[in-house]
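In structure tokens, the next block holds one chain alone, the form predicted on its own.
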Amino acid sequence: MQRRSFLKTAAVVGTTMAITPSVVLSDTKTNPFGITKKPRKFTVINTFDLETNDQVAKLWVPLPLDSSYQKVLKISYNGDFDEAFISNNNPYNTKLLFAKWNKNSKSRKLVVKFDIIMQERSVNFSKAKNSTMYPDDVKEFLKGTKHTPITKKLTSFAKEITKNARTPLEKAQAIFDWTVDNMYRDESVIGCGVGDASRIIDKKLFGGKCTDVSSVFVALLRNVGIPAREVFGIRLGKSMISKSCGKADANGFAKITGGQHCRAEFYLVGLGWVPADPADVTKVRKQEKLTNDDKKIKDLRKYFFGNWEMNWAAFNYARDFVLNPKPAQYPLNMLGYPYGEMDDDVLNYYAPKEFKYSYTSQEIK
């Protein structure tokens, strides 16, 4: 595995954030989709223009995390807010921008801009070990939450799926295959879905969108003792795999207001966090009218067990948690979309025109 210095400095307006000095560049093997190891860079702009009234308006905006596969070059924000700051003071260390407008504000505008550079993420499964001696911070992702619980029923169900698997890697593969084989994309689901894994499995309602599919995958893994987590983020640009996984115009510009997408990770000793995306297998299969027997789906389910294409930015791993400052509604199911309140009323983040926000992305070439 080759390493090189990727970024040495970064400019941040409005707060001070830790900068990781390098990004890991993994091996250069090819894939059926033509995805290369060349990093991609995007400029993302989030624009908010909230309603003015006699209520206090509060806004929590998820921001991208720094990791081995994506590097935030700078974040800036401006507007006519009465208070605003960037913080990660919450149980999942989730980075977010909080803004507040007092009653009867004449205008409530906010523009958040960040530049981000990303690379394809992939792992070498030959390095996986059979140990289950997980680090303490990883053990947190063995615990159940409201929407991804640990129960006797789910544990029994997950053990049946993995009955022929011996190692953690084999168990993860069996659960990934079961999820892809049994879940399907339901276009009638609003947004990314609620991600209530227990309800989906109990009622055998296996249709859903990305959060639903990822949450079932995560819940089953945790119920057989493999750390796993959903990763909430947003598609930024053109995908080499399918328009279903991201698109942009000829100049690399994309309107991404509805581009929120949930992926997943599981932890293997010897490898660390392993990327997976069972949801996008079901999405491509549905939207391109393919079946599991088609070569593209066979290639895609193999690719998305251990790889992520770099046209998607990760925000956080948070589920069923309390934001800081504490909102009127808590715990919050997830923070993939911006979250806003007018006094104690929650704004509908699934309706950006009503909420009055928009996201755009420009790929820098």
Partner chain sequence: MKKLFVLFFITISLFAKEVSIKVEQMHCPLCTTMIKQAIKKVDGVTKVKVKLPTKTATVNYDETKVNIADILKAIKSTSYEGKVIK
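Positions refer to the first chain, counted from 1. This is a predicted model, so every value here is computed, not measured.
If you look for the form predicted together with the partner chain, you will not find it shown, but the lines that follow are about it.
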>> Can you work out which of L65, L332, I35, I297 has a heavy atom no more than 4.5 Å from the partner chain in the model of the complex?
In response: L332
> Which residue among Y317, F42, F304, Y339 has a heavy atom within 4.5 angstroms of the partner chain in the model of the complex?
Replying inline: Y339
> Looking at 209 to 217, 280 to 288, 145 to 153, 128 to 136, which one sits within 4.5 Å of the partner chain in the model of the complex if you count heavy atoms only?
Replying inline: 145 to 153
>> Considering non-hydrogen atoms and a 4.5 Å limit, does the partner chain approach I117 in the model of the complex?
In response: no
> Is V194 a contact residue for the partner chain in the model of the complex, using a 4.5 Å heavy atom cut-off?
Replying inline: yes
> Using a 4.5 Å cut-off on heavy atoms, what residues in 322 to 351 are near the partner chain in the model of the complex?
Replying inline: A328, Q329, Y330, P331, L332, N333, Y339, D344, D345, V346, L347, N348, Y349, Y350
